[in-house]
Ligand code: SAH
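Below you'll find only one chain, the form predicted alone, shown as structure tokens.
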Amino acid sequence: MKKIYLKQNKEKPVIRRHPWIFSGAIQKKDRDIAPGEIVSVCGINGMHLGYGYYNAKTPIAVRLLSFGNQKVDADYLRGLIHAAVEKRTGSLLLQNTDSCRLIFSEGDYLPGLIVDSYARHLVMQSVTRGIERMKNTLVTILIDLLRPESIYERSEHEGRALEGMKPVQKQIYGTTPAEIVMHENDMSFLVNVREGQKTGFYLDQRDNRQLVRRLARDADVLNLFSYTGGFSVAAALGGARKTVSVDASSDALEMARKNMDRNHAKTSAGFIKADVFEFLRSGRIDSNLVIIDPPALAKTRASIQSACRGYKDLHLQIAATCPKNSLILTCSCSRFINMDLFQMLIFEAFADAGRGASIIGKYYQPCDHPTSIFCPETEYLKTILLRLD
């Protein structure tokens, strides 16, 4: 097996089980390492530290799969997948759903691999060269362990371009329906895994949907960046007086209508096709429960500054127009925007608007999107609940 050697004093993060090695930490390496090839990671003195896959094209040159002398073979990968699945099937927090994220990249010690399960139909994302080289083995293990109805690949993450790979979307196993019906906390949703955002649905907002359901009684609800209406359905079933879903996608709004109908929601439901930023500038808001769940505004470090302007602009419009005592549930799924920065951007928006507010809750991603204690960068979803003065 080929080797890479770390610079002096760069081995400490590996010893402490952080899975990323940046290119600047590498002193030397063997010749002709193929992109995605598994290598032995060594200290400058030659001491073996772990095994990971290497790609010279990316700033994170090595993503570690194991530490110490544990070889990365099919049995080891099977053990990691089995452990990830066991965490979900044994979780009391996931008893009221048939859909969840089964494998969450570094959160389950399989960097670059995402697997979501929608009512026994799997959707797989291969984000890195290393996972791409192991994909056939991983698919075989998933089929053997889970006996799914189907596996569909949605490997379109922007990170693939950095890895030197093109997007891939294809059927891998079985037949995936055009629309899958999933269930969550006495609600049901249609999921289009072929054309929807991410893998078809925002599984990571499960806990926040339940929170909205608890807050919605007798509320007038505005769901911004509504996608297929998950928050709107939750609010309607929680007793909202009315819901308004705003999204730029006609297809997403049509699916939102279907989801509202299939849950037999009796709440008055409106659907508006619009750019949310323009919608907020068009007039005052009379809703007293507002959900803001935009797509990731900062997908790279280079986009942090523009993302900050976007988040501030959103909250400035909310602060300027929402009624007194309104509740605002606002989210950021950009891992480059941490909770402290997100809160600071909201503070700046409200300060500029001359409006007071209180933070009455902070929330993070749910249990099937675990944050690795060794890799805090796996924490990405931040949610703040505000009450406006």
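Here the structure is a predicted model, which means the values were calculated and not measured. Throughout, we count residues from 1 along the sequence that is shown.
Although it is not shown, the form predicted together with this ligand is what the next lines describe.
Chemist: Taking 4.5 Å between heavy atoms as the contact cutoff, choose which of Pro167, Gly270, Pro295, Gly79 touches this ligand in the predicted bound form.
Modeler: So the residue touching this ligand in the predicted bound form, by this definition, is Pro295.
Chemist: This ligand isn't shown here, but in the predicted bound form which of Glu153, Asp220, Glu163, Asp247 has a heavy atom within 4.5 Å of it?
Modeler: Filtering the options by heavy-atom distance leaves Asp247.
Chemist: Counting only non-hydrogen atoms, choose the one of 180-188, 197-205, 121-129, 300-308 that falls within 4.5 Å of this ligand in the predicted bound form.
Modeler: Only one stretch passes the 4.5 Å heavy-atom test: 197-205.
Chemist: Taking Lys312, Met339 and Tyr364 as a possible spot, do all three reach this ligand in the predicted bound form with a heavy atom inside 4.5 Å?
Modeler: Answer is no for this spot.
Chemist: So, Phe225 and this ligand: in the predicted bound form, are they within 4.5 Å at any heavy atom pair?
Modeler: Heavy-atom contact with this ligand at 4.5 Å: present for Phe225.
Chemist: Contact between Tyr173 and this ligand in the predicted bound form at 4.5 Å, heavy atoms?
Modeler: No.
Chemist: Does this ligand come within 4.5 Å of any heavy atom of Asp275 in the predicted bound form?
Modeler: Judged by the heavy-atom cut-off of 4.5 Å, Asp275 is in contact with this ligand in the predicted bound form.
Chemist: Taking 4.5 angstroms as the cut-off for heavy atoms, does Arg213 touch this ligand in the predicted bound form?
Modeler: Arg213: no contact with this ligand in the predicted bound form.
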